[in-house]
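Below you'll find only one chain, the form predicted alone, shown as structure tokens.
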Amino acid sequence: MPPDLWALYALMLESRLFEEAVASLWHDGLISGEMHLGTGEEAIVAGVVAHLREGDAMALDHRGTAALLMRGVDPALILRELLGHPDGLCGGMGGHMHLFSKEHLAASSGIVGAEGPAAVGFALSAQVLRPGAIAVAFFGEGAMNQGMLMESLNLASAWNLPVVFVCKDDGWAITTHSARVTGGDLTDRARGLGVQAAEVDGRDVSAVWEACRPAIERARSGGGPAFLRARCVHLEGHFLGFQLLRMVREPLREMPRIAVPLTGAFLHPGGAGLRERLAGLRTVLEAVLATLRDPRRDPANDPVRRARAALHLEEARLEELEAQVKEALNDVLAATLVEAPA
């Protein structure tokens, strides 16, 4: 049975529009602190979550909003939480990186790699109390270098636990290319621990859905854990307001903020020698040029656009679906921003 692309697109669109609204509120100063959006990960999350059923659990990283929305958590509760209101999902105390829903067996954490132990705990509980249920862990490729995630893969393999590890690989560890700080191949690393592993284009929701199906079915039937490496592009960088992207998008405003102190440091009579200063300047310029060629700027790397393009022959149906999703989100925004206590 092929995936229902219409249903998957609806999940992805709701997530994208919700996070765009969150970004707007953040820029307006209504949401404090850093903001890590999942824009660019929608196909991975939708392709996996679409297979989940009641009793399944999710261990999420600091980009957990999309998974919670797609799992059915009330968007108004999430939004109130991000705004810091006491009637938010976690009483206004968790922010966007620590979202929990006991009803949905979902927990997120800002600790890199913590999704591994949480998912293994969920899976052990399922194995004992809810046979046929599974757990899913969502994390970035940088988490694969954390000891507790490696230990979780090992324990899941040794105990044959019903857990699927989903690695959302965008190739970046904040501002460092992941390949520069990672030895070997991540997929081979999982296989080396006895975990069945596969790779998929994380920008293609149908491909993710197809790749995830046998892994989840095997886990449900007692076949043990699986590892899915899905490559994607974080459209907003590591966090909202990513400096290099701001520089590219608004050069007239952002360049002076960098050029003036950089020039001052370069011409300062003390400090490092000319060779070291030139090397530092070259590093900065290379980062700027790399951003100009960055895949985040390529529409082909946007999973929501790709899913929509696959449905474009039914434009009227598309417009109706999009109007319904936008209307529902606008209702949530209006009710939340008006009714939430100060």
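Counting begins at 1, following the sequence as shown. From a predicted model like this one, the values you see are computed outputs, not experimental measurements.
Although not depicted, the form predicted together with a small molecule is the subject of the following passage.
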Residue (of G142, P75, G94, G88) lying close to the small molecule in the predicted bound form, criterion heavy atoms within 4.5 Å
G142
Within 4.5 Å of the small molecule in the predicted bound form, heavy atoms considered, which of Q146, S125, N154, N160?
Q146
The chain here is shown without the small molecule. Which stretch in 196-204, 79-87, 231-239, 117-125 comes within 4.5 angstroms of it in the predicted bound form, by heavy atom distance?
231-239
Full three-residue contact with the small molecule in the predicted bound form, heavy atom 4.5 Å, for E14, A316 and E322
no
In the predicted bound form, does A179 have a heavy atom within 4.5 Å of the small molecule?
no
Is G110 part of the interface with the small molecule in the predicted bound form - any heavy atom within 4.5 Å?
yes
Under a 4.5 Å heavy atom criterion, is A173 part of the interface with the small molecule in the predicted bound form?
yes
Is D56 close enough to touch the small molecule in the predicted bound form, meaning at least one heavy atom pair within 4.5 Å?
no
